[in-house]
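Given as structure tokens, the chain that follows is alone and in the form predicted alone.
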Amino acid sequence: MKDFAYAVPATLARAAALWREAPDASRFLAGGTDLLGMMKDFVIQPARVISLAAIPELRGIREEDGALVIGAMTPLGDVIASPLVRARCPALVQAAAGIKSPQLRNMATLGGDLLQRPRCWYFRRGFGLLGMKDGKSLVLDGEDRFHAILGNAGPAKFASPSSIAPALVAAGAELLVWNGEGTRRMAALDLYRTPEREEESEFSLAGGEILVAVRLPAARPASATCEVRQRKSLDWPVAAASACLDLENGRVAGARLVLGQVAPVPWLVDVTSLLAGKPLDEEGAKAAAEAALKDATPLAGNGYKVQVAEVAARRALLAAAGKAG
């Protein structure tokens, strides 16, 4: 690992000021479960690492004006254990609990998971976010079994890796972001973008902006997350799905389905038109899952992900409705 300076500011203002001193050479540090690994592999080599661990307003879980606010530096283990989160958003708890390692759950943070970099092995071996060499895509000419099957028409073939993002997007969560002068709000889905050029980011945050907290709305839709892994322990999902249902007298009034690990961004599908006014049953869940994947364009080696994602979507919808998938 390359030598680096380490700073531990106590306020958001100081953290932003440290960033401005050397914006091209600085990185913010959350739990470190992703950043430090990339530094050890020389994928990222910052001259300064700015820890956010000592900033008190970035931690904790609280209710505020009917909404549930979770600090970005809150460990995932705290999210899983929180009675408030369990009552308000089961899909979020299930997504966090899918990370089986106790060490990771206790170190990884909510914000760190949302801003996790792609697991694409070409990116992790130093070939850039788009996995290019000599102007050609290494993904298209190489191993692609864990890459995107949706939203992959452009040069970005990686799959968004966040375990937490699908649950938050499905729940209609907002993010609170510090921009150096104050806090702005953005929809959770708007954090993500599909880059078209190597110099672009997969996130919409401006340089030096800090994710402060996640805000879950006061409404409490029925929700669930389903992930499919090759192995049950210490493995990343092949595909995932989070569903949120507005139910009235047992019938669907609204439905949001978000697929994870299948596109460069969390893939939001509004399946309300398919399900509205009906009790959610196996047939309806299957139809909605198939509709969510109808535009899939798998690569040479990942066609299997279409069926896997359909299974995850169907199970998430049924679980949100309180039925076994």
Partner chain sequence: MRELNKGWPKLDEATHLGKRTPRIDAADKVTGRAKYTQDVNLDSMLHAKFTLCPHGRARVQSVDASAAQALDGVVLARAIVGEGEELEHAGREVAVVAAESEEIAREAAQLVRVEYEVLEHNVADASPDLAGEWAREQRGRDQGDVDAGFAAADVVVEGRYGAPIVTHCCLEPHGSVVEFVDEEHVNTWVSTQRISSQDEDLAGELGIQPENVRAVCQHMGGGFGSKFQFDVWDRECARIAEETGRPVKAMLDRDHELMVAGSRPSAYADVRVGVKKDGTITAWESRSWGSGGAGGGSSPRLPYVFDKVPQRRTHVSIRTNTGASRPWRAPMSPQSCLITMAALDDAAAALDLDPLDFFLKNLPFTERPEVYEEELLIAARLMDWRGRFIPRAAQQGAVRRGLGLSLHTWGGYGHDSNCSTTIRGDGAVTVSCGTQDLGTGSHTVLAVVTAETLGLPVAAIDVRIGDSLLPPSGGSGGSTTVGGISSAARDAALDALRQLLARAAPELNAAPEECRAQGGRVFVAAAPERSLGWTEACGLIGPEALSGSGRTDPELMADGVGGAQMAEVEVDVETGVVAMKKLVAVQDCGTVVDLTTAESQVYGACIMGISSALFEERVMDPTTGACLNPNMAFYRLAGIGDVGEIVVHLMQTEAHHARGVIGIGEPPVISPIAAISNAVANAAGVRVPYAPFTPRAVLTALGKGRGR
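Just so we're clear, the structure is a prediction, and the values are computed from it rather than from any experiment. Positions refer to the first chain, counted from 1.
The form predicted together with the partner chain exists for this protein as well; it is not shown, and the discussion that follows is about that form.
The contact with the partner chain in the model of the complex, taken as any heavy atom within 4.5 Å, belongs to R145 out of R193, R145, R184, R86.
The partner is absent here; in the model of the complex, the one residue of L36, A300, A287, A54 having a heavy atom within 4.5 Å of the partner chain is A300.
For the chain shown alone, R251 is not a contact residue for the partner chain in the model of the complex, no non-hydrogen atom being within 4.5 angstroms. When contacts are judged by a 4.5 Å heavy atom cut-off, A16 does not count as touching the partner chain in the model of the complex. The closest non-hydrogen atom of L12 lies beyond 4.5 Å of the partner chain in the model of the complex. Using a 4.5 angstroms limit between non-hydrogen atoms, R220 is distant from the partner chain in the model of the complex. Judged by heavy atoms within 4.5 Å of the partner chain in the model of the complex, the contact stretch among the candidates 165-173, 210-218, 86-94, 124-132 is 124-132. In the model of the complex, the partner chain lies within 4.5 angstroms of a heavy atom of only one residue of 27-47, namely F42.
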